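Here's a solo chain for you in structure tokens, the form predicted on its own.
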């Protein structure tokens, strides 16, 4: 087994402030960044705070920024870096620091609560739902989300403009709206909820300028921009600006 010493620069601090601290840590073949952070805890910095759980790329807990790129520490192999490279590990920049590599991501849970859930079709019991396979496949991709919030962190609308957070749900939750809007059994519209309108007017869909940075950092390789955000934008624009759709909606709302 090959062993070498790697240079790590890890952010240490809390809500009062902090900075980068340099460490030299042993690395073995096949290890990932989270392994090295654990070794650092065991040998040099026992009070280093880091959030993790499954170490299998499925819980989303160990999100951080590695050399400036949002990544999962458990899925970032040391072999992708050269041995003489200084590896910098910092907390997610878009969210407030709690301590060291742990950030307060409660913003995301607040946004999740703002999105109305699936509306069951009236008169159909849950066990009687029927869908074509092609209708299942479309939103199924979005169900792979592990809520690592890397897409939220890298989105410049959230990352660079704190003032936008109140009006912008972010790519993860706009994707959730798109998933529900594509669901053939979602009866939101019959219940008086226009998901396309609320995406635009209440969750900030218009702030997204489809740079695809959210797609680039997704560890599940969900095509967030191409398969969720762009189609949702197209449907929202049709609903709001297409004169034929507008006329159809007006006629459809006429009462006898």
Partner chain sequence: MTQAERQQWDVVVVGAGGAGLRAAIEAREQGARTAVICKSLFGKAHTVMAEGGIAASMGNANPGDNWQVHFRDTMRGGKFLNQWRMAELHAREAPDRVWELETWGALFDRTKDGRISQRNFGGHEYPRLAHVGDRTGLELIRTLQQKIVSLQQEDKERFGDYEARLKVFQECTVTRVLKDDGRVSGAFCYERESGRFFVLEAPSVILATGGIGKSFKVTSNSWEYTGDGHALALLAGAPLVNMEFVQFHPTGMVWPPSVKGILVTESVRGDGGVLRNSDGKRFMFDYIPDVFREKYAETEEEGDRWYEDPDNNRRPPELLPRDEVARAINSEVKAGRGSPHGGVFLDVSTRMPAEVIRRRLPSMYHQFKELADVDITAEPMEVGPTCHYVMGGVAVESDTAAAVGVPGLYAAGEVAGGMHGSNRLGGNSLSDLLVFGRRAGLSAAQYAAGLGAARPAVADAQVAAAAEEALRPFAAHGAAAGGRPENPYTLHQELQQTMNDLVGIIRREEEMKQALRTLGELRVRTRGAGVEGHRQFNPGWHLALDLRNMLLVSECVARAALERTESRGGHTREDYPDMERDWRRVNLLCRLADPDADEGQIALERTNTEPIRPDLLALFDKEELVKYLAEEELYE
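Numbering follows the first chain given and starts at 1. Model, not experiment: these values are computed from the prediction.
One more form of this protein should be noted, the form predicted together with its partner chain, which is absent from this view; the next part is about it.
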What I'd like checked is whether 161, 190 and 226 together line its partner chain in the predicted complex, meaning each has a non-hydrogen atom within 4.5 Å of it. no
Its partner chain in the predicted complex: contacting segment from 82 to 90, 150 to 158, 163 to 171, 127 to 135, heavy atom within 4.5 Å: 127 to 135
Since only the chain is shown here, I'm wondering whether residue 207 would be in contact with its partner chain in the predicted complex (any heavy atom pair within 4.5 Å). no
Can any non-hydrogen atom of residue 67 be found within 4.5 angstroms of its partner chain in the predicted complex? no
Taking heavy atoms only, is residue 211 within 4.5 angstroms of its partner chain in the predicted complex? no
Residue 74 near its partner chain in the predicted complex, any heavy atom under 4.5 Å? yes
When its partner chain is considered in the predicted complex, the residues of 31 to 45 having a heavy atom within 4.5 Å of it are 31, 32, 35, 41, 42
